[in-house]
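Laid out below as structure tokens are two forms of one and the same protein chain, each shown alone and named structure 1 and structure 2.
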Structure 1
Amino acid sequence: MQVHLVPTIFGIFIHDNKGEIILHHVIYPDVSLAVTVTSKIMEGHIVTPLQDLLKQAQSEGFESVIVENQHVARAIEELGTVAVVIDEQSRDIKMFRSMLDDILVREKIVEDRTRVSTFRHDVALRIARSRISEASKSPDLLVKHAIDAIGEIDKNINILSMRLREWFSIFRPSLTRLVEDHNQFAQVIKTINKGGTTKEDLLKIGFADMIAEKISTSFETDMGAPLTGEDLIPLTQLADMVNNLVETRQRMEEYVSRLMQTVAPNITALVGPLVGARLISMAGSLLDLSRKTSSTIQVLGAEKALFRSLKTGTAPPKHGLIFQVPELYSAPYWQRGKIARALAGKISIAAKIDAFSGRDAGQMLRDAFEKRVKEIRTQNPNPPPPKPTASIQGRQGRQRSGRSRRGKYGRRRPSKR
């Protein structure tokens, strides 16, 4: 038998094609349960009341249930106990729904019509309120704030570390050369403060054998002012700050990565969560990014250079933010323009999918991009010959002012073929 399944805020009902209730699971009078059940089902998730009802339906041996909403169908499919059919225009369901308020009272599920109304009012208000607060917490806005915070933290790490290095070099000038990483530098300062200057102490905070050796000898041989405990206090505090910032940054990165998996899975698959998040932030929002042309995306984050090129006629930038993608920065300079263009094209597709359909095409786009990079590599193995200079021939000299500008664009053009 084919039956109809109708989820409502009062309960979930299964009825036959005469509108008779066969099975039901009552939610009334639990307002919060009605809110969660309705919201969950509408997000395509399974909830216990629905699960219970479908188990019963299965044991009754119903072939399939008809529902009128695709989200509900998805929730039922996820469970996989009973087959589900979507019929958005089911007359039987419409008839059942339009009589439901009477049925509720007749079947003594709800005491009277007044209570039907007040319950509906309470539940609807709660659902509406949660919809509104959800929306004000739009996830790409969260991505934007978090990734912007990461940028600001980086700047601060740099500023404070430079201060720390210069300050400390009054006492031990070699350390700043030996330890390039800001976080490790700060850690060395903290170790010194605890009295640890031996090779073992340095191995403990993660240095490799050879470098630990070098650092500890430098402490003995370095020239510089004598270092007192009192001098070390402010330095250690500063070092602590740098370490904390680095740690905060790491957590922030994890947060952005998690968010990006849900907000923009396709962009993330293509360029990674951080570059993806920066692109979204730079564009303003995911929707804004999805509306940009791929040539805009290609130079997003290089606005200064773009503006300069427009004003002075120098070569326009070949890439902005996307330069941070390994395939690009590790490529020889003459392949970069082509790779950047290919990548920007794929990002533009990924952004549209993320903003509008949510389909998962990330891996496909990633593969297509990698394939294109390979092609570019094999087709352009050698650097282009150096550009002829004006002194070589009179003919070129004559055209120089016109050509120099077009010539630079010209370098970008051929690969369009």
Structure 2
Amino acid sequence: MQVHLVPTIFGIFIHDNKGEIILHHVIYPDVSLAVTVTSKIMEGHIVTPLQDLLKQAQSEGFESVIVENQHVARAIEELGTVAVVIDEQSRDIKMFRSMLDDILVREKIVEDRTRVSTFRHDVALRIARSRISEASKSPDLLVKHAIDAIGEIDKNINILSMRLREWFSIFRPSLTRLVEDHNQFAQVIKTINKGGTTKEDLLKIGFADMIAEKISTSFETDMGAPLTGEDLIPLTQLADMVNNLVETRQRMEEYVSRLMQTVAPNITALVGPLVGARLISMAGSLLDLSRKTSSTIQVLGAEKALFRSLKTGTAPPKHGLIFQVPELYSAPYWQRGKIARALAGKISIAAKIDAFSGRDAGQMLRDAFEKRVKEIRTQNPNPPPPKPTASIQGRQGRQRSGRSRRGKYGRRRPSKR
């Protein structure tokens, strides 16, 4: 005899084709137990109430049970007590679920329909809270926020540094040309505020000997407005902000590196922690990144260029965010497309391993990628021949159109005008 098994938040029920309950294990009114049992059964885990009920069904001589969920069927198959049949569109189960409120009251499992609604609301609320709590603990969510914070810190550093450079160029215009690093530029201003303008003071900041000499000389020969102590106070405060942001960024980088070693060690070994974290952030999560094709990963971050190419017919982008990988940006332009395809394929494999397997294959993927890069460099040492220019194409087009105007015996056809 075939029976139907229906797990609900009120309990687990086995009923016949007429919707009559044959066996049941009631969970009501324990809300915590209902949340635990429902969640585990829906995820395909075996719980004690389900195990006890199936033993009863086996002792009653039922041949098989019909269920509507693959995860529940998998859990019953693992127990091996009775045979299981999956019917996702079972009319008997749908009918039983639609009449469940009346059945619970009629069988005196629940006192009345108001308590049915209240219990269902409480269980649904508890399940929603637990799911949100689990999602908030996701470590790749922390990676996404941390790497986005680094991007915003970079924007602030650039904005404040540009303002600082333009402001200070009124007094020392050549310093902007001599010092390119924003952090060092801010440190020079702070050193000037402390009265240090000699070469030895600049060497302490970390400048090379020749650069320190040039900067020190420029303080004496530079043409600009006279720099007073009153002018230096706001400039030093702005320089402090730039230095603090740089230090915050460095600490944030260390935090992301530690997180990435835990969340995605294979991606980290392949492309580094920051590029890997940006890929996860752009995809949405590690799971989303693992589901993307390698061709999508290759142009991730180059969406504007891709859609412009689709709209105007220009050449599509060969790479997006992965251009920050040294093997790619240091390669000649004619090799970048092939290297980008090879790298995107390896990232796709690494993301799938990090998301579903967790085994350590990062170094193997890195070695395979470096081997492929060497092959590409060996096979394509020279740039391709230049494509025909527009003028040559136009001349060829006119020649072809001229031949087409000639008739069958080589005579030129008369013009329509």
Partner chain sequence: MSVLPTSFGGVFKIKDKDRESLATRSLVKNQSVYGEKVFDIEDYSYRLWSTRRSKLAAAIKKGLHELPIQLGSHVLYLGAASGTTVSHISDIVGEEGVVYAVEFSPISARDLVFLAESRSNIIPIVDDARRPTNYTSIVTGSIDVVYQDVAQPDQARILFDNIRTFCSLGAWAMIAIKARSIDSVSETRQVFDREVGSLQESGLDVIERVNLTPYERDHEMVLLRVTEDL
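Take the two forms, superpose them, and find the largest set of C-alpha atoms that agree within 1.5 Å; that set is the rigid core. Remember, predicted model here, so these are calculated numbers, not experimental data. Counting starts at 1 with the first residue of structure 1 and goes up one by one along its sequence.
Engineer: Pick one: which is the form predicted together with the partner chain?
Structural biologist: That would be structure 1, which is the form predicted together with the partner chain.
Engineer: Please determine whether the C-alpha atom of Asp112 is displaced by 2 Å or more between structures 1 and 2 following superposition on the rigid core.
Structural biologist: The answer is yes, as the C-alpha of Asp112 shifts between structures 1 and 2 by 2 Å or more after core alignment.
Engineer: Aligning on the core only, does the CA of Ala128 end up 2 angstroms or more away between structures 1 and 2?
Structural biologist: Ala128: C-alpha displaced by 2 Å or more between structures 1 and 2.
Engineer: Align on the rigid core first; then say whether the Cα of Val37 has moved by at least 2 Å between structures 1 and 2.
Structural biologist: Yes, Val37 moves 2 Å or more.
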